[in-house]
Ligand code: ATP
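Below, in structure tokens: the form predicted alone, a single chain.
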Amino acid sequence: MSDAGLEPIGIFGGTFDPIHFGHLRPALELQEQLGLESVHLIPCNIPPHRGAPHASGAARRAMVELAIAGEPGLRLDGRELARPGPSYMVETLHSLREEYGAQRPLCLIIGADAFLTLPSWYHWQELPRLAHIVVAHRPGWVVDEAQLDGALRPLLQQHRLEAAAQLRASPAGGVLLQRVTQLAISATGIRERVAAGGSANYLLPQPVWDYIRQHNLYRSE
């Protein structure tokens, strides 16, 4: 693929079990705020740091596709579902680098909670060499460097970016803290509500809720 244009690409991974507005609203805001060509929503196959997903990969892929239909800034990316074994982000970024080339800015989007656990990720030291790290956080959140893991402190001190425009200056290596609207919605809470016979309406897109009911997902938990 050509590097022409070099608009940054966002990467947003997760189990999406199911995908909901708490995923979608921040993804859309970041696509707009950071001037990203698109945000790849990447359902994982086997999450390395949590239990196996409750819905199948095919079902989670279908729900993501339904959720983002008609939104050109968000893109379903099934590469982790197609790859056997645990879904390590470092391998996903290597794959994206092969696709987009060495010069295209890639932006790995993670939540503030995930950022604090970054040193537990597989080969995490490679991540800044492959992509920028965009830490999406709620308004009013402040980084307390004194509470950061010893390995994270120099990463933030040496690589922190002050503005979104800096993402375009290099293909990788920066850490940007970016405020987004964070909705207090969790996939766990949705699954528990559905399992108890409740409604998930208004917590996720209507087509996703229709799919969950049509396929009787999460009812047996």
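The model shown is predicted, which means the values in this text are computed figures rather than measured ones. Residue numbers here begin at 1 and follow the sequence given.
The form predicted together with ligand ATP exists for this protein as well; it is not shown, and the discussion that follows is about that form.
- Though the partner is left out of this view, Ile110 does reach within 4.5 Å of ligand ATP in the predicted complex, counting heavy atoms only.
- Among heavy atoms of Leu183, some come within 4.5 Å of ligand ATP in the predicted complex.
- In the predicted complex, ligand ATP sits within 4.5 Å of a heavy atom belonging to Ala187.
- Residue contact with ligand ATP in the predicted complex: Gly174 places no heavy atom within 4.5 Å of it.
- Heavy atoms within 4.5 Å of ligand ATP in the predicted complex are found in exactly one of 110-118, 85-93, 146-154, 124-132, that being 110-118.
- Contact check at 4.5 Å (heavy atoms) against ligand ATP in the predicted complex: all three of Thr15, Arg50 and Arg138 pass.
- The gap between the Cα atoms of Trp141 and Gln166 is larger in the predicted complex, by no less than 3 Å, than in this form.
- Note: Gly140-Trp121 Cα separation is 3 Å or more shorter in the predicted complex than here.
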